[in-house]
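Just one chain is shown here, as structure tokens, and it is the form predicted alone.
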Amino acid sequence: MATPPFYDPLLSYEDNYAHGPFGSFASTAKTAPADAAPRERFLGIPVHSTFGIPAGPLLNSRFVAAAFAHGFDLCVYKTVRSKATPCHPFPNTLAIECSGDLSLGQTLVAHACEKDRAPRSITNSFGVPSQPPEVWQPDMVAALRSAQPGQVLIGSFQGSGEGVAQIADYARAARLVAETGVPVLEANLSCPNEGKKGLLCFDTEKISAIVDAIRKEVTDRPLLLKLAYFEDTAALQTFVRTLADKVDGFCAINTLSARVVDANGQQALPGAGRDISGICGATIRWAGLSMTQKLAALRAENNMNFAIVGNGGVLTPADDAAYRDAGADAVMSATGAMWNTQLAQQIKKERCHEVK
């Protein structure tokens, strides 16, 4: 049975940031059974499990501390920027009516979430809000301190602006994140909720320039790239062959974009550019698995060593297993974890981890 989600979709982003997390995450006291010594590795770092929560629902150090306490051993601090950026207007999360797999270009009907009933899929429309660095940097340090041995905090960031200014800002944001001491960085290249026609991750030439700029600022820790779903396998092949030697891994996928309407066929999310939003949950699992399989095949064909972090529609231990069978080195869950805070422990038991 679903429990109240740790991010309350019936409250604004600002209220969640100020008063959350909720549900069983409201207490950061350690609730997960004590793990034995770390048995796995993520990017060479010893970890209890290569399972966690991606960028998105862990808004600040309180959310991160609660996730670690519940046994999510890889936690991504919500994407930050080099300057303060507001969130899209409320609502930001709605339940989606879609019983099967989401088709590309499909229109979906949305309605308010029910806190005690886990939706199969949701829409996620925040617009990558961020506190200013003087707020999020010390908070990220606090989040890092909540990690126990065998747990890893990942710092996600995104650049702002256009052209060369955006490239420079990605590098600036990377440096600011690195200053907090987080051991792994993640460049978010795939947010579909900013009213732009094309996602940044599809521009291989620009991403190469961004990564080069980041590497000039930060040279001493792993860098991951967060990707969207590539329908064009040839384009993904070009992307991977261009970037694989410059980064340490790829996280896929973020969300799938779809038009979201209410029961009357009107735009469900208020504001310009929000007729299209990102979809999360079970309905996009096929796309996440497909990207994992494509990345794993490219890695093998080209004798490469990058890590693959699979994400999209992970609601059960069986979903985690499917991603690992597809070639993922680590797996993360946002929607599933929000309504099932015991998911990490369930997966550890399924994977025969010794949990005492």
Ligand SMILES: Cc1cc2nc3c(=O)[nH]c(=O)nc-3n(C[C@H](O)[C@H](O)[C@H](O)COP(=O)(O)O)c2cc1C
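Numbers for residues come from their place in the sequence shown, where the first is 1. Fair warning: this is a prediction, and the values are worked out from it, not measured in the lab.
Form predicted together with this ligand: not shown, discussed below.
Is there any non-hydrogen atom of F126 lying within 4.5 Å of this ligand in the predicted bound form? Answer yes; at least one heavy atom of F126 falls within 4.5 Å of this ligand in the predicted bound form.
Using heavy atoms and a 4.5 Å limit, would one call T341 a contact residue for this ligand in the predicted bound form? No - in the predicted bound form, heavy atoms of T341 and this ligand never come within 4.5 Å of each other.
Check whether A55 has any heavy atom within 4.5 Å of a heavy atom of this ligand in the predicted bound form, and answer yes or no. Residue-level check for A55: yes, a contact with this ligand.
Does at least one non-hydrogen atom of P119 fall within 4.5 angstroms of this ligand in the predicted bound form? Judged by the heavy-atom cut-off of 4.5 Å, P119 is well away from this ligand in the predicted bound form.
Which one of these stretches, 279-287, 211-219, 97-105, 174-182, sits within 4.5 Å of this ligand in the predicted bound form when only heavy atoms are counted? Every other range fails; the passing one is 279-287.
For the spot marked by S49, G71 and R324, is every residue within 4.5 Å of this ligand in the predicted bound form through some heavy atom? So, no: the whole triplet misses this ligand.
Partner-contacting position among L224, L236, V152, I253 - heavy atom within 4.5 Å of this ligand in the predicted bound form: Selected option: I253.
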